[in-house]
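In the block that follows, a single chain appears as structure tokens, in the form predicted alone.
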């Protein structure tokens, strides 16, 4: 592909983060990876990013970032992703450690050195918020900040109204949404359209490679969670959608919206408040919100990335 978008992936691996790394390695020019506490602790997310780097043979830097939210204590999702974040996936320990433990400095300096990069945060937004606080002009140097997080119409997965990545650090999310960045939100309303299950497991089983074996394990672990905890036979493949919204935007339908984050509500903390009033609103849109995705084509791109890794 010509003109592949150049991205920095900010992540908290995480089962679906692993698929996002695979997709980014195939469909984008992956400039670097930054890690944040989210699905599991920073030590685990960074170790997982390093192990995935080795698995895929990537020559990209990995920089460790924030150990917790701007306020309060960390919230983890190890009940979904396993205590190590990758469902007990048996991968060798990393051949090297992180390139630094200052993801914030890396984000600021890298976007200064090269304008027009895409930031793709698929975990809590702590690193991105801290980078914007350190250098607000970062908002105007990047081509986009395309995040997986939030939702329209009050659809939550931690509480009735809050999605995990926003709920884990609402103050950081509000900084990002109010930063005047070229912002795109890939929320639960979109990612729930991209469901994977038995056919995708069978596909990965047929991929005769270490990557195929690893993705099989992750999908089987994911399927067990959805089956045992949600009585569902399929699960949403959240994080790769943010990567593919940058590399293949033609597969998504976006609309401009004014979005803010609730930081104080008793029942709604972490909710993304999306103004759906259209011409009746006096709010200026600050975000492109994804509403529809071509699910079959999105899944095909993920499968192709696995097969070719």
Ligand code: RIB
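Only a predicted model underlies this, so the values are computations on that prediction, with no experimental measurement involved. Numbering follows the first chain given and starts at 1.
One more form of this protein should be noted, the form predicted in complex with the named molecule, which is absent from this view; the next part is about it.
Looking at residue 164, you'd find a heavy atom of it within 4.5 angstroms of the named molecule in the predicted bound form. Taking non-hydrogen atoms only, residue 130 never approaches the named molecule to within 4.5 angstroms in the predicted bound form. Among heavy atoms of residue 188, some come within 4.5 Å of the named molecule in the predicted bound form. Within 4.5 Å of some heavy atom of the named molecule in the predicted bound form lies at least one heavy atom of residue 157.
None of 88 to 96, 137 to 145, 235 to 243, 200 to 208 except one has non-hydrogen atoms within 4.5 angstroms of the named molecule in the predicted bound form; the exception is 235 to 243.
Along 34 to 67, a non-hydrogen atom within 4.5 Å of the named molecule in the predicted bound form is carried only by 39.
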